[in-house]
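Just the one chain here, laid out as structure tokens, in the form predicted alone.
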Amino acid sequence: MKQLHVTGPSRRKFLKLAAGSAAIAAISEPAPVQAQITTKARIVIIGAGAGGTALANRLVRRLVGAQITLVDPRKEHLYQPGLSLVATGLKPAGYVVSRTTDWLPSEVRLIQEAAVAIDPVAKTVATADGQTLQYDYLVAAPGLALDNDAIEGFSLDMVGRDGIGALYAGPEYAEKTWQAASKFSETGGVGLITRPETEMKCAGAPLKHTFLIDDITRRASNRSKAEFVYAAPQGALFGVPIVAEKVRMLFADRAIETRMHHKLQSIDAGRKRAIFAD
């Protein structure tokens, strides 16, 4: 299931804007405020991740009189981009955890139940506890489900042992990933970082993790003991050609090997072996 993203300016555009803001502050005018819309629309949003909460906040600012309902069983909100920082020891696990309600305006109704069915004809959403929610507009932003069983021989209880890590499984697993990566940065060996063939939460995350662990190993003066291999089923390191080329150059500069068109199929944790299809 693909994740629906509803965002404002990209991080790159935001940083460019911030860099130039001091120079133009004296002559710039504030952006025009968008006119509010009065409506009685019933809006149901499935998913309280970054997409769902961002959209809910934006709708509250734009709409007057709308009934906005957010459906998600989780009481905790995860700042998932921060998981890569936890997995490299730069942040504690608690850094990425907050309450879902902390990000929602009071005008939004939060139903902490899972959505189990959608009836597009009747325009209703059914929840796990038996509620039926009527809507005029529906937004489905449930996020992605991790398919750990797609890798034969792997399970989450292995994370942190035998040099195994899992970046996006959650804050506790990201913390265990750092335990394994920290030991690797001290002892060296072969560091194998993979990317899935399927859709993923962030295509840049495994690249970022590779760079960070490489840097940590260098700072520990142990880079000569380590060999880094980045393996991915895709034919390029990133979907944007100019970024892919930059990463390729940086990998070459840092002696990070690549194995493109390699899909991870299974692992043998005891022997520390990974089997790929190419």
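These numbers come from a predicted model, not from an experiment. Residues carry their position along the shown sequence, with the first being 1.
If you look for the form predicted together with a small molecule, you will not find it shown, but the lines that follow are about it.
- Can you work out whether the small molecule is within 4.5 angstroms of a heavy atom in all three of Ala50, Pro81 and Glu113 in the predicted complex? The answer is yes; Ala50, Pro81 and Glu113 each reach the small molecule.
- Message: So in the predicted complex, is the small molecule close enough to Pro73 to count as touching (4.5 Å, heavy atoms)?
- Response: Close contact exists here: in the predicted complex, Pro73 approaches the small molecule to within 4.5 Å, heavy atoms only.
- Query: Is Lys123 one of the residues lying within 4.5 Å of the small molecule in the predicted complex, judged by heavy atom distances?
  - Reply: Contact check for Lys123: no, nothing within 4.5 Å of the small molecule in the predicted complex.
- Answer yes if any heavy atom of Trp178 is within 4.5 Å of a heavy atom of the small molecule in the predicted complex; otherwise answer no. Although the small molecule is absent here, Trp178 would stay clear of it in the predicted complex, with no heavy atoms inside 4.5 Å.
- Is Arg109 close enough to the small molecule in the predicted complex to count, meaning some heavy atom within 4.5 Å? It does not: once the small molecule is placed as it appears in the predicted complex, Arg109 has no heavy atom within 4.5 Å of it.
- Residue (of Val159, Val96, Ala205, Leu133) lying close to the small molecule in the predicted complex, criterion heavy atoms within 4.5 Å: Contact with the small molecule in the predicted complex is made by Ala205 alone.
- Name the residue from Gly191, Pro142, Gly165, Pro171 that puts a heavy atom within 4.5 Å of the small molecule in the predicted complex. It is Pro142 that has a heavy atom within 4.5 Å of the partner.
- Message: Please identify, from 101-109, 82-90, 150-158, 182-190, the stretch that has a heavy atom within 4.5 Å of the small molecule in the predicted complex.
- Response: Of the options, only 82-90 has residues within 4.5 Å of the partner.
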